[in-house]
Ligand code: BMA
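Quick heads-up: it's one chain on its own, the form predicted on its own, in structure tokens.
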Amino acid sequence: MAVKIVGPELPNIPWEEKPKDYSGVMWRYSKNPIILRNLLPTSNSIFNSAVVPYGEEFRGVFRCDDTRRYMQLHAGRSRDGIHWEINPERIHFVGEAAQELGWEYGYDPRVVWVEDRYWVTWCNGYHGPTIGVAWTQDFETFHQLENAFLPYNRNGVLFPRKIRGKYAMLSRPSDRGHTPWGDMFYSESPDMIHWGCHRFVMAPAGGWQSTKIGAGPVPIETTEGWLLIYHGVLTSCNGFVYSAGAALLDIEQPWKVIARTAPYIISPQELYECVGDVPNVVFPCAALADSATGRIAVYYGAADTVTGLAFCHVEELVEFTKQNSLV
């Protein structure tokens, strides 16, 4: 039986067919990077950002490190998912929690539609990195809630629907700095404020994912399980190397891993991925999935400097994950 995406049809997502001489399961857009580091007058870099469909267009929340090298979040819009207009002013969250928590820094956002609104999660500075939470319906006003977890935590990624009646999130408990370790965990909440029922999902393994791992784009529901594209880190003699792989998680108990790729599906190989503020980084943060065709477009940060786009087919990626599994 063919693998199917469970979700809406998105016929207008960015797409480019796989090159005839390419044997990999995920391939890059030929005109990468799609967002340059200096798109804004004050941006040093734009990367590790989130994109979602919005009517017939697309909206997003972007990590824009400014020329002071402060980590900020900006809203953006696009007609085609490739050419972006990003608000030059950072997002100013509203609400009692925003006033109480203040603003220290924000980076690596994810965005997902759940039921009646878009939810934003990001690495929020509050006495160390933790998971910020906010919602919006128009990408103009962003209502901030309490942080999901205590410091220190990163890579908070929501599922696109409730599971067993609860909101669900993946995260990677961390520390104050560039964590030299990291396992992935699952948590759930009745109200997006109180989080608990924490479950271990998976730990680093060998090779490209031997140091730490973290959830990437919002998991994609398929007929074979939740398809999770995630990043893994190798500690080389020249520092961290960030690549990406894929896993299949159980639909009703997502902390149970069905399959997980031993090889990476994309790694830093192009110049814009290997050279930048942080060299040798491929960091996926968003994916657009069309249920009608099985096409998936993945947005990723490259070398912590620019934003790239890559593509895959759900059936091919799921089969690759199952046939090359560590589990």
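Model, not experiment: these values are computed from the prediction. Position 1 is the first residue in the sequence shown; the rest follow in order.
Same protein, other form: the form predicted together with ligand BMA, not shown, and the subject of what follows.
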Go through 50 to 58, 281 to 289, 33 to 41, 257 to 265 and give me the stretch that gets within 4.5 Å of ligand BMA in the model of the complex, heavy atoms only. 281 to 289
Close approach of residue 107 to ligand BMA in the model of the complex, 4.5 Å, heavy atom: yes
Should residue 212 be classed as touching ligand BMA in the model of the complex when contacts are defined as heavy atoms within 4.5 Å? yes
Taking 4.5 angstroms as the cut-off for heavy atoms, does residue 242 touch ligand BMA in the model of the complex? yes
